[in-house]
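For reference, the chain that follows is the form predicted on its own, supplied as structure tokens.
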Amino acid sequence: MYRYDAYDQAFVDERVAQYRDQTARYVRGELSEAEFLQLRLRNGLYIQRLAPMLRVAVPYGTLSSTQLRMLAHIARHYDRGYGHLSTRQNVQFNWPDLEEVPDILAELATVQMHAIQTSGSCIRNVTTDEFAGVAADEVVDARPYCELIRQWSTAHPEFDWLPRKFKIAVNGAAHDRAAIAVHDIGLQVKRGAGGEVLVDVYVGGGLGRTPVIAELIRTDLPEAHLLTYLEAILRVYNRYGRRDNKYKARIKILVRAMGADSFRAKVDAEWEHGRDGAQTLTREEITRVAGHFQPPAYEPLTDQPDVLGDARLADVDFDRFVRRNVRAHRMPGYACVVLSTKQTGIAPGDVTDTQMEQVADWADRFGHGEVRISHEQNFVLPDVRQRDLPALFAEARSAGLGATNLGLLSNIICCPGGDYCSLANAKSIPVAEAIQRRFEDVDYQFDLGDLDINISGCMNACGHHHVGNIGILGVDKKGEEFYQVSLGGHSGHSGNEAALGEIVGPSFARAEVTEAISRILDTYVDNRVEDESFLHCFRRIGIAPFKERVYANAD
């Protein structure tokens, strides 16, 4: 993973000192609320419903065990003993004292971490496939390109005050696990016929009030021009993006208003001015950054199906763990392991300080000291020896991180909702728990197969409800919490095209949601053909049978 050089460390240390002074001036009344707002946002601090919330950057979701232990320390000493894994692969703390945030940032800086640009109208944390660098189906390791974008975009003077927040995702695998189709810019990194690295560029995707699937505006962009082309896109957005209405300020609105062809033409015209300029990537620079992502010293192992087979026969839960939570590694004898945070009764994505320390210990013992965070709000250990899987599972199960539900109904993506967020119209966490409790039978979940449920507490869509196979959105009706259900959404992984869900019909009161989901699942079971997933069944039969069943006998 990337390590700071002296320049990086000095920059972060200076930023901490700067923000400490800004906070002190605000506390003394020398800065107004409005003046402090943009300063704290660009250092990751929100003011939520009940307390401040600090969002810590985890670039492309990659952490060292040392960094994860620091996050555990912060949770224990500055918060209430836990943190939250976000859908942007970051970590959030929900209860820090505003006056102590500079101290938290100072401690983060000692392990090469920060909260810079985790909020505000700027380029946010760049995300990617949680299995980047180790996935068996990977074509190009996306992490060096994420790091190049991170360095280019951090404190970029031209793009620090964009019309609205800006999100970039990069995918280098055969299947898109980075959801590039629903980002402001999505990048698919691939190889050309001669082995050269090329990039397909998608622009104008996003969820929120106006969900949009991104437009492909350029194919086969040479890697040397990655930053110059991104710069051209951002300049067009900065120039033409709306600033008079924040609800119409995202680049997706601009692309739709102009049309993809017109937008592409403006980007290409802008690119002509800088395509061979200072931001052109040299082979030396690409090699330098890629050098931070060289493979660890893997043992010369072979796959061990017999050893794992015996363990799977002896423990049905371990068998389920291997089937759902273990992914193929590019190296023989190794596996990628997902540690689920989706325990019934626990807010999805919430992890305690003790759990963070345990995951850090497992990363050291069973891997090479590296941890990932997925956009599904789970931990990933990227380099586990297959022979260690039974021991890891036993400890993960004891620690509350061994749920065998990856890709199943109970692996719910869920925003903090009305329990924390000041923007939320309704609570999300209780709805997630009610669904998990109603359908907690593991055999039933395995019988249903792949099924993504996503829940958001408001139209900002932090829970990505638009791309859930079943999406649930909290809405306000005259001060009462109701929930709108959509079907057929998909973020674009596993060989399926990205799609936005279709709204079933009128919204439901909270007490009615689980029954509505039950009727949706019954409709699927009654109509599916052998081995057909929920998504494929929905696409084959359409929304009408689900709608008829859900609202049957309604007054």
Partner chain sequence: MPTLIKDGAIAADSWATSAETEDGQRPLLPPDTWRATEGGAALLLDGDAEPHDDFAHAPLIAIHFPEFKDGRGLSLATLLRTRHGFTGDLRAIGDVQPDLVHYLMRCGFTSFVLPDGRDTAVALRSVNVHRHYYQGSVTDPTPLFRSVARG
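Residue numbers count along the first chain shown, from 1. Owing to the predicted nature of the structure, the values given are computational and were not obtained by experimental measurement.
What comes next is about the form predicted together with the partner chain, which is not displayed.
With the partner chain left out here, work out from 514 to 522, 497 to 505, 30 to 38, 55 to 63 which stretch has heavy atoms within 4.5 Å of it in the predicted complex.
So the stretch in question is 30 to 38.
With heavy atoms only and a cut-off of 4.5 Å, decide whether T210 touches the partner chain in the predicted complex.
No, T210 sits far enough from the partner chain in the predicted complex that none of its heavy atoms falls within 4.5 Å.
Quick check on F482: any heavy atom within 4.5 Å of the partner chain in the predicted complex?
No, F482 is distant from the partner.
Touches the partner chain in the predicted complex: A155 (any heavy atom, 4.5 Å)
Looking in the predicted complex, residue contacts with the partner chain include A155, since a heavy atom lies within 4.5 Å.
Test of understanding: in the predicted complex, would L281 fall inside 4.5 Å of the partner chain by heavy atoms?
Contact check for L281: yes, within 4.5 Å of the partner chain in the predicted complex.
Each of Q22, R235 and G277 near the partner chain in the predicted complex, meaning some heavy atom within 4.5 Å?
Yes, the whole trio is in contact, each within 4.5 Å by some heavy atom.
Heavy atom within 4.5 Å of the partner chain in the predicted complex: which of Y82, F159, Y298, W95?
Looking at the other structure, the residue within range turns out to be F159.
Residue among D137, E285, D361, D447 with a heavy atom within 4.5 Å of the partner chain in the predicted complex
Exactly one listed residue reaches within 4.5 Å, namely E285.
Using a 4.5 Å heavy atom cutoff, which residues in 306 to 324 contact the partner chain in the predicted complex? It's fine if the answer is none.
Going through 306 to 324 in order - heavy atoms within 4.5 Å of the partner chain in the predicted complex - there are no hits.
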